[in-house]
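Have a look below at one chain only, the form predicted alone, in structure tokens format.
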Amino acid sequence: MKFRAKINDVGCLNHFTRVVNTITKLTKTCVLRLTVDNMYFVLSGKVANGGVSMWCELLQVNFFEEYQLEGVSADANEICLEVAPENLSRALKTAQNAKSVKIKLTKKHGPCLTLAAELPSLSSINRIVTHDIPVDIIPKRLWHDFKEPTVPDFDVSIYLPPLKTMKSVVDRMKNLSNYLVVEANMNGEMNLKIETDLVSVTTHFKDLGNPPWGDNASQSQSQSRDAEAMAHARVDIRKLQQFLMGQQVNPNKSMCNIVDKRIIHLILLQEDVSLQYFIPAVA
């Protein structure tokens, strides 16, 4: 197995850093899946057991000037690594003004992602700062847990309100309850609700719009619903707040699919990056 990549453009480096910082806010450990065309950050939580899951996809050609990969075998040309994104984020902080950054799979005391940043210097001698980030190589027999999740058969799909606005609402509601009800309909309406024995608070959003998903099962399922009918899911407010706090991707589109009483599926789309986040409902 071999992996080597290089970033020369400061804009690409800053963009990649923002993506890694976002992942760092969402999870302490995740799987970095490397393929010929893409780089993925994957958190494969068992939603049925109350865990969140995440799928973040980067098109490598939009970030790296050089990108070379030799996977496990010819018929399985990819590499899966378990990594602590915070370690990668720390290494990238030291490379903010770097002329170039190289990332390479190496073997030191154990497998590592070695990040070498060439920093500007007043002299003719280049300064290279190197970080060795420990990783665990995931064997091929476990890869089935890290494939792209299928879009669930949702009851309602809706565009999200501005994420900063949504974050400020959720931050205030967190002081009132540990749980939040997210509900929406196919008429572009979304409500965020807190209901306890002492207080009931609802924030209403209107005219958000509903994404066109094409002719698939979920679309026909949502179209057969009364447009005014609300689908809802009660979720752990901390998990939603964590998602909103970590967002540094600056998406062009942000959406939410709701499977009634089961799950909310949050999607952020940007030209180079897509991020999916699944939060299970609680009773």
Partner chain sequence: MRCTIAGNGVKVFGRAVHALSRIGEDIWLDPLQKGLAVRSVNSAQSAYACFLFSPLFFQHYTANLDQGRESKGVKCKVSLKSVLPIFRSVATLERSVCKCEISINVSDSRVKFQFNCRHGITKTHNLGYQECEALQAVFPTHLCPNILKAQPKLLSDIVMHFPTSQEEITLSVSPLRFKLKSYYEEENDLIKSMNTEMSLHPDEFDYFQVGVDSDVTFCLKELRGLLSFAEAHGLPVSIHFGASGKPVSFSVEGMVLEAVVVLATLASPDSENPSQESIPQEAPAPRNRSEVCPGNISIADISMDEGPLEAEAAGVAPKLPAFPTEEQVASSQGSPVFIPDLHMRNLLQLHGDEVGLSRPSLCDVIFESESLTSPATPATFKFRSLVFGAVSSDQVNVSALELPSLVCASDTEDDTGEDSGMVEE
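Given the structure is predicted, the values throughout are model-derived calculations rather than measurements. Residue numbers count along the first chain shown, from 1.
A second form of this protein, the form predicted together with its partner chain, is not displayed here; the remarks below concern that form.
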query	finding
One residue of L163, V151, L119, V72 in contact with its partner chain, assessed in the predicted bound form (non-hydrogen atom, 4.5 angstroms)	L119
Stretch from 154-162, 174-182, 127-135, 73-81 whose residues place a heavy atom within 4.5 Å of its partner chain in the predicted bound form	127-135
is_contact(I194, its partner chain) in the predicted bound form, heavy atom dist at most 4.5 Å	no
Contact of T94 with its partner chain in the predicted bound form (heavy atom, 4.5 Å)	yes
Interface membership of H109, its partner chain in the predicted bound form, 4.5 Å heavy atom rule	yes
Partner contact for R90 in the predicted bound form: its partner chain, 4.5 angstroms, heavy atom	yes
